[in-house]
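As a starting point, one isolated chain is supplied in structure tokens, in the form predicted alone.
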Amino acid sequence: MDTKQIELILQTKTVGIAGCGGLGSNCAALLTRAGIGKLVLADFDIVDESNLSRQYFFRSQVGLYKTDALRENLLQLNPALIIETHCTKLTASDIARFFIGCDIVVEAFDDANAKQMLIETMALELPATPLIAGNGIAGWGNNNAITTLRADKNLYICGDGTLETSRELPPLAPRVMVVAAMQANQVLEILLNNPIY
């Protein structure tokens, strides 16, 4: 498959991203650079100065909603990208409504309960839609521990699966971005190896 064929496939695809922080914002930027046609972004939070160390935002965007700031940044990369935003805290009742037309959904929450809610709701309401989750991004080093696990037919988990973020083990840019890149790469693997999605 050459570059033109890849572009033609990706331009027709839609990816949902649940959470626009470290994983979500960086994954969205990578998918935009790869040529994805449409993104559906959902997040309720605003850009904080502390986010700038690992999220795809800029100092001038502090105080903006993450969905609005991310839209602005992604359109700088590709003005033709179609972006649908939902500035809200996702609940189980939102999932199918927001992500029904997506070829793939990326889970990018930093809250374990929200992750579980999304995974369970997707399995019940959108079981045919692949979900790529992130788990275990804290700290630094130990590159070989970061992997992609196919946990179920349509559930993939990127990360080390163990290291939870804490005061002593904060999320630092290199590991966050490695996992975000793995999530984006998994999206491409599914879409380009299975163009029927």
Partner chain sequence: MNIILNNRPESFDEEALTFDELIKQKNFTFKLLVTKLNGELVRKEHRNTTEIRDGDNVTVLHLISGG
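Residue numbers count along the first chain shown, from 1. Keep in mind that this is a model prediction, so the values were computed, not measured.
Another form exists, predicted together with the partner chain; not displayed. Remarks below refer to it.
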Should residue 115 be classed as touching the partner chain in the predicted bound form when contacts are defined as heavy atoms within 4.5 Å? yes
Using a 4.5 Å heavy atom cut-off, state whether residue 157 contacts the partner chain in the predicted bound form. yes
I'd like to check something about residue 150: if you look in the predicted bound form, is any of its heavy atoms closer than or equal to 4.5 Å to a heavy atom of the partner chain? yes
So in the predicted bound form, does any heavy atom of residue 51 sit within 4.5 Å of the partner chain? no
Between the options 126, 83, 119, 90, which residue brings a heavy atom to within 4.5 Å of the partner chain in the predicted bound form? 119
Which listed residue (110, 103, 72, 94) meets the criterion of a heavy atom within 4.5 Å of the partner chain in the predicted bound form? 110
Those residues of 1-26 with a non-hydrogen atom no more than 4.5 Å from the partner chain in the predicted bound form are 21, 22, 23
